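A single chain comes next, written as structure tokens; it is the form predicted on its own.
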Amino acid sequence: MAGAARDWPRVIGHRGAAQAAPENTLAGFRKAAALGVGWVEFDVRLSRDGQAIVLHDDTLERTTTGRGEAAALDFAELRRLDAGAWFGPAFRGERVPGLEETIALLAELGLGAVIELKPAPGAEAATGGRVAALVAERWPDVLPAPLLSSFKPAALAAARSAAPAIERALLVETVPPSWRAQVEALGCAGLHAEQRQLEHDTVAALTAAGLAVFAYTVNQPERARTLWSWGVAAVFSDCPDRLAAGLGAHPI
């Protein structure tokens, strides 16, 4: 377990900058950069033909003009969907991004990233292995090393096998009693938890074990300051600029 010693950002844009632009889109990442964010978080899964795509939900209805399971469509079919109109007319025409074009844009914008492995049911190993291998191949040296995270241990295990040098974090809602065994089995550098479930003593135990603790999703500056005071390394936020305003001279 190592990772707490890295120079992590204090604020990470959740799915880009989810309150200001459609989540998990290139427009969202550009907006996050315009707000002064240094890192973003986004979700990656596989299309039917095995392409890595940036999309949170298993299904398409909430954030695109499509219907049904994302894993039931090929990448070319997913690209025909509108992934921005639901958020507002200014974003009409945004597409479901591929991971490769997303990495290229991050390099252009200078954004680091936490990449959440978000596999469809039954595709945990395939997703972890494919995404980790692609990130290892395509990640540019000009950016800080990325972090892979997932709620699915099988996805993290596959990512570890495919690209052991890329650091990993276990995602949980509530920190389980077995957290130490789980992160050790997966070789994780960090643990990411739902911010309302975190307590001071839990954060202290995790950080004492050498884990970088990240909290999601934090949209109130007061809560962010409390979590940082406990030793939380970073928070994910839908409105990272609001939190950054409370940091004063500290960079995000």
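All figures in this text were calculated on a predicted structure; none of them were measured in a lab. Numbers for residues come from their place in the sequence shown, where the first is 1.
Separately, the form predicted together with a small molecule exists; it is not shown, and the next lines address it.
151 is the sole member of 139, 75, 91, 151 with a non-hydrogen atom within 4.5 Å of the small molecule in the model of the complex. Contact check at 4.5 Å (heavy atoms) against the small molecule in the model of the complex: none of 8, 113 and 167 pass. Exactly one of the stretches 65 to 73, 201 to 209, 221 to 229, 37 to 45 approaches the small molecule in the model of the complex with heavy atoms within 4.5 Å, and it is 37 to 45. When the small molecule is considered in the model of the complex, residue 56 lines it closely, a heavy atom lying within 4.5 Å. Interface membership of residue 163, defined by any non-hydrogen atom within 4.5 Å of the small molecule in the model of the complex, is ruled out. The closest non-hydrogen atom of residue 158 lies beyond 4.5 Å of the small molecule in the model of the complex. By the criterion of a heavy atom within 4.5 Å, residue 171 is counted among the residues contacting the small molecule in the model of the complex.
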